[in-house]
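Only one chain comes next, encoded as structure tokens, the form predicted on its own.
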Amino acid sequence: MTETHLDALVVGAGFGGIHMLRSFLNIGLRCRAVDKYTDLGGTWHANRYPGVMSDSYSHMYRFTADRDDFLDASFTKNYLTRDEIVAYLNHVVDKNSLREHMQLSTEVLSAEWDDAAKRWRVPCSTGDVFVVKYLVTSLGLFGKNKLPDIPGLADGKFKGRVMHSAAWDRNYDIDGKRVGIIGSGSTGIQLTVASASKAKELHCFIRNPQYSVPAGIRDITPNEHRKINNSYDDIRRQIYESKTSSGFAEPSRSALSVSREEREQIFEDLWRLGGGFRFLWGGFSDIGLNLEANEEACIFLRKKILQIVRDPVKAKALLPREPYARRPPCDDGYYECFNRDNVHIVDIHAAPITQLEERGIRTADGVLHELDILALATGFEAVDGPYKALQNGIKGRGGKQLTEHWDSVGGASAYMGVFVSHFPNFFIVNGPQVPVANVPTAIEVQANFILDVLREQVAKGNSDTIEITPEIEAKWIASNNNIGAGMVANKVSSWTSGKIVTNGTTQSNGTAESNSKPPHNHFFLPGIKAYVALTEDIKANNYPGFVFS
């Protein structure tokens, strides 16, 4: 066992972990970042399935504080592939000489606060034990894979290959294979598009069809790239003056404030421009707030599906039965895939999956869908899943388990998306109640606030601990839940709002919905501008709810 004493330990080597490591080193802290994976990238290391790419614009899906780095960025299309994102993160690490402070293939087994020593003890799979003043976790929102509860799956009865989208074997060739995909969210949509032209047969098992809009993938010309670079100052200003920092205007008009003809034209323009977030936020202000406005978007999108998909049976199975209120997918020809003779829809809302057999999936109508490979685009145990996956958990004052604390307050929560009561000197980045916005920007504003709090700690005589009161935590949770209560997202089963249907196999194989958890909002919905304003207010009022001791 090797014991290493440092000022700080960062757990995670994706966007959040890399940025926090750089931030801590820049202020002179002795720091190391660890990650269980063999290479950096976090979520982007794990997700390597065919077709995986970002759905944020290329010039926005990066850290923007470094002007020279922004201007030197190299990208050829308006969205980045997974490999381009990992290459970018490697560039950031090498440019800032971070690699020597990183330790990969190192899984944190637990973390426990030692109140006498005022330090965190963090044992790892390698035998290392880190003893640190500050502990930062940047485990992401999607760290633990969710597997469907299908009879026969765990038994290994299927003689073909089974792969979760976040555990994809890139050496496996789907060309000429009979491919099955369970799941129709963003991942399932990307997998479908990537597989349709290669598979001998593609069987899409769909229970809750999603609304998807074109991504609008296109080349970025050298002239356009120059215009982006010349707009750097405007982009930086827009990032902090907008809600989502997504790189487009966020109008204040209501969908119901314009004529039907004008509304139809705005939707059509958004469809042609492309982008799920742009369609949701870039046309009207109330698609996610007002059911009537939301239904106008749904009418438009359902009409598009019926126009594109020629087979009426397939088209009907692809029509969503709920509001446009989940994380908004975008695609590179998803609905067009279903005009191919080799692409089939299995409606598991009408005929649920009953079991996985040697040769494929059996559905309730008695049909055996024969497969060579089954792809599980079934998502993740989001938000708190990565913390539940830690072998012995994170223990704060008095041995209090983080996940048990979250259960006691209604769900995964962190004041300002960072701090948890009873857990001193513990900071979460890109976790529960992070601003709902472009991820790198959300990480930047969280990191800026953490550094502000550390400077306040020094100003108060370099106190041993920083923590928040249960009262400010409860007020924060109630505020976020109240803000989210009116969202259309609460009308659907979604991890984003915390309203998750939990009835055995409901999430995966199409059985009827029966039980629900009450909504617990997982995001700070007012976004970046409001978050930054709130941090300024907290600083101006001498950090109410914080305890420096």
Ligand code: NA7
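As the structure is a computational prediction, the values presented were derived from the model and not from experiment. The numbering used is simple: start at 1 and walk along the sequence shown.
Keep in mind that the form predicted together with the ligand is not shown, yet the notes after this line are about it.
Steric access to the site is blocked in the shown form: after superposition of the site C-alphas, the ligand as positioned in the predicted complex has three or more atoms within 2.4 Å of backbone or C-beta atoms. Annotation: in the predicted complex, residues R67, Y240 and P440 none come within 4.5 Å of the ligand through any heavy atom.
In the predicted complex, the ligand sits beyond 4.5 Å of every heavy atom of R253. Interface residue remark: S184 is counted as part of the site for the ligand in the predicted complex, having a heavy atom within 4.5 Å.
Taking the partner from the other structure, the ligand in the predicted complex has a heavy atom within 4.5 Å of a heavy atom of N208. Although the partner is absent from this view, G274 stays clear of the ligand in the predicted complex, with no non-hydrogen atom inside 4.5 angstroms.
Checked against the ligand in the predicted complex, the residues K146, H405, H369, R263 give one hit for a heavy atom within 4.5 Å, which is K146. Only one of A377, V343, V92, C298 lies close to the ligand in the predicted complex, with a heavy atom inside 4.5 Å, and it is A377. Picking from 319-327, 455-463, 409-417, 232-240 the stretch near the ligand in the predicted complex, with a 4.5 Å limit on heavy atoms, gives 319-327.
Shown here without the ligand, the chain has only F142 in 116-142 lying with a heavy atom within 4.5 Å of that partner in the predicted complex.
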